[in-house]
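Consider the single chain below, provided in structure tokens and representing the form predicted on its own.
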């Protein structure tokens, strides 16, 4: 606990604009990844393989952006750094341990961008304007990935296990004490999920997305306790690969229950949509 408290404090100092809840989530993910490293190994390997396939499909390799770079456990950072002129890691929080990893491995072409790519704040702003003006259509679309179009020589964008987290984060913020549930549209979460996919579809470069799309919670005897659509009704792109990821194996959240997520990998989101 002391080590996590220290990591929280250092992260807040190095990422002052990141929300404290997001920092806690990142530290919690790091702890769970350590506890579940055996159960998560196949998922991480298949995610890296999906990204490797996308790398092989890019003829010109100047700049690559990784959305949701996280702990870099599912990102082939060695290969990205060696094959692209510039690697940009984008996430709402970059833990100091990850920054140190990049520094010690001497990736001179790897840079960090701290950014909330969910589009939540913009959707909340649009909702406030609609409420104040009475207008249903402001004539603007949600564009959470618009910043990518300003990056020069962009040849590949990777969405790495971040889409469902956009939805989870939005649900959490909507129901927090300072959330905007009363002014946000009923389909706010679905709009954010669709906005991410639409943002990828609008890019004039190769894209690849890896995301969990649903989960099942079940008992040891196989009995199903709960199933959930993590994309809130939004249709995902057509995958070239799919697998199951035991996010919470038996003993992690409950001694007699496991939570298994279904994951897909898809390339060229513009074509698939």
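Since the structure is predicted, the reported quantities are computational estimates derived from the model, not experimental observations. Residue numbers count along the first chain shown, from 1.
We do not show the form predicted together with a small molecule, though everything after this point is about it.
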query	finding
Among 81-89, 198-206, 182-190, 110-118, the region lying within 4.5 Å of the small molecule in the predicted complex by heavy atom distance	110-118
The small molecule contact at residue 73 in the predicted complex, heavy atom, 4.5 Å	yes
Contact of residue 69 with the small molecule in the predicted complex (heavy atom, 4.5 Å)	yes
In the predicted complex, residue 161 touching the small molecule (heavy atom, 4.5 Å)	yes
Close approach of residue 126 to the small molecule in the predicted complex, 4.5 Å, heavy atom	no
Single option in 238, 216, 29, 49 placed near the small molecule in the predicted complex, where near means a heavy atom within 4.5 Å	29
One residue of 154, 93, 77, 194 in contact with the small molecule, assessed in the predicted complex (non-hydrogen atom, 4.5 angstroms)	93
